[in-house]
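Just one chain follows, in the form predicted on its own, and it is written as structure tokens.
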Amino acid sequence: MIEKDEISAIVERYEKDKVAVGTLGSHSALNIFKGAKDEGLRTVCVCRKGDEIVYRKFPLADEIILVESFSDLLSSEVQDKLRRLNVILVPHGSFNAYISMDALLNELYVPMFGNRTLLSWEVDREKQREWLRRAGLKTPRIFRDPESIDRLVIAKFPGAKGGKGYFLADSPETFREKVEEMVRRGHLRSEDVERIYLQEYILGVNAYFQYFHSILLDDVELLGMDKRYESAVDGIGRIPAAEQLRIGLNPTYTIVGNIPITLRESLLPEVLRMGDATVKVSKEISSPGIIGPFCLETIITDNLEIFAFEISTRIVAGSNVGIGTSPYAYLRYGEGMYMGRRIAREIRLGIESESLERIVS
């Protein structure tokens, strides 16, 4: 595993007045780049050929490095160029989806904003569950064996797949039927079935809380929240119930976008406590704990219980809804604050206080 001292040595050689913020051209890159520009930092986009139209039409990247695939980030050529450009990489969901965790931990010799060790907890649902339970958060029941399903469950898979292939089942029989159908439709591969994670389906409203932990200011900030817009499950209500039954719909949960939400204020004390507790445990898991953005993915029931079912230890795509408009970022910072900018501000603060090595790994 890449040691902290190795990354610190790279940062030490950087020209601090030329530090740039870099990331993969995907997921929340526009959010990250806009934030960096607003804080006066240069930006570098590692972009797949064919996708550069996004970063031409929204000209927020000072430099675009074209690659055949995101895994080319690991090539010595790309890494050398990023280091020459004094880049601090900001991870997002595409890092987890397209680059192996082993490679992120052992092969990527470019300073990364955040605690990359905790990314390995994010991609392991059992580790996630351990973390959330240690923090005292309510979590849904887990079923280890499909044959033990005795209530409605949601079947999930490892990694940042954006909900693709997820499905509901309420018995061993419906589980087997839906697995066969998902494989037949190409949403799942046969080998994915061995890694299915069965979680009790809690009836309620999904809410995704976006936090930022500043180790430079020693505080946990609530900056936004959202809900997901999922296909085809969010479109199923447009089909009459009789037709749904006749054609035997088996909807997917592929995320196509995000919707901003605000929460009733009486729930905020618990949401804030959840963020603090999550960070406290993260320090026990891997010092200095979470650095920068993280998200708790929750369900709120009709009796206002909040169940946490996942944690993301980096910026989430749902924070894109808050670019310049999040009421929670506004309440704390005034106009113009959002997650991408908050990341860049922490990097700038690290440069100005000569503490940059504290916030990278």
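All of these numbers come straight from a predicted model, not from anything done at the bench. Each residue number is its position in the shown sequence, starting from 1.
The protein also exists as the form predicted in complex with ligand AMP; that form is not presented, and the subsequent description refers to it.
(message) At 4.5 Å between heavy atoms, only one of the stretches 213 to 221, 184 to 192, 97 to 105, 277 to 285 reaches ligand AMP in the predicted complex; which one is it?
(response) That would be 97 to 105.
State yes or no: in the predicted complex, is some non-hydrogen atom of Ile299 no more than 4.5 angstroms from a non-hydrogen atom of ligand AMP? Because a heavy atom of Ile299 falls inside 4.5 Å of ligand AMP in the predicted complex, the answer is yes.
So, Val44 and ligand AMP: in the predicted complex, are they within 4.5 Å at any heavy atom pair? Outside the cut-off, so no.
Worksheet item: Does Asp72 reach ligand AMP in the predicted complex, with heavy atoms at most 4.5 Å apart?
Response: Output for Asp72 is no: heavy atoms all beyond 4.5 Å of ligand AMP.
### Val123, heavy atom within 4.5 angstroms of ligand AMP in the predicted complex
Close contact is absent here: in the predicted complex, Val123 is far from ligand AMP, nothing within 4.5 Å, heavy atoms only.
**Heavy atom within 4.5 Å of ligand AMP in the predicted complex - the one residue of Tyr166, Phe209, Phe113, Trp131 that qualifies** = Contact residue from the list: Tyr166.
- Message: Under a 4.5 angstroms heavy atom criterion, identify the one residue in Tyr201, Phe175, Phe157, Phe143 near ligand AMP in the predicted complex.
- Response: Filtering the options by heavy-atom distance leaves Tyr201.
- Message: Taking ligand AMP in the predicted complex, would Glu39, Asn86 and Gly350 all count as contacting it (heavy atom within 4.5 Å)?
- Response: No, because Glu39, Asn86 and Gly350 lack any heavy atom that approaches ligand AMP to within 4.5 Å in the predicted complex.
- Query: If we check ligand AMP in the predicted complex, which of the residues in 17 to 45 reach within 4.5 angstroms of it by a non-hydrogen atom?
  - Reply: Result: Ser26, His27.
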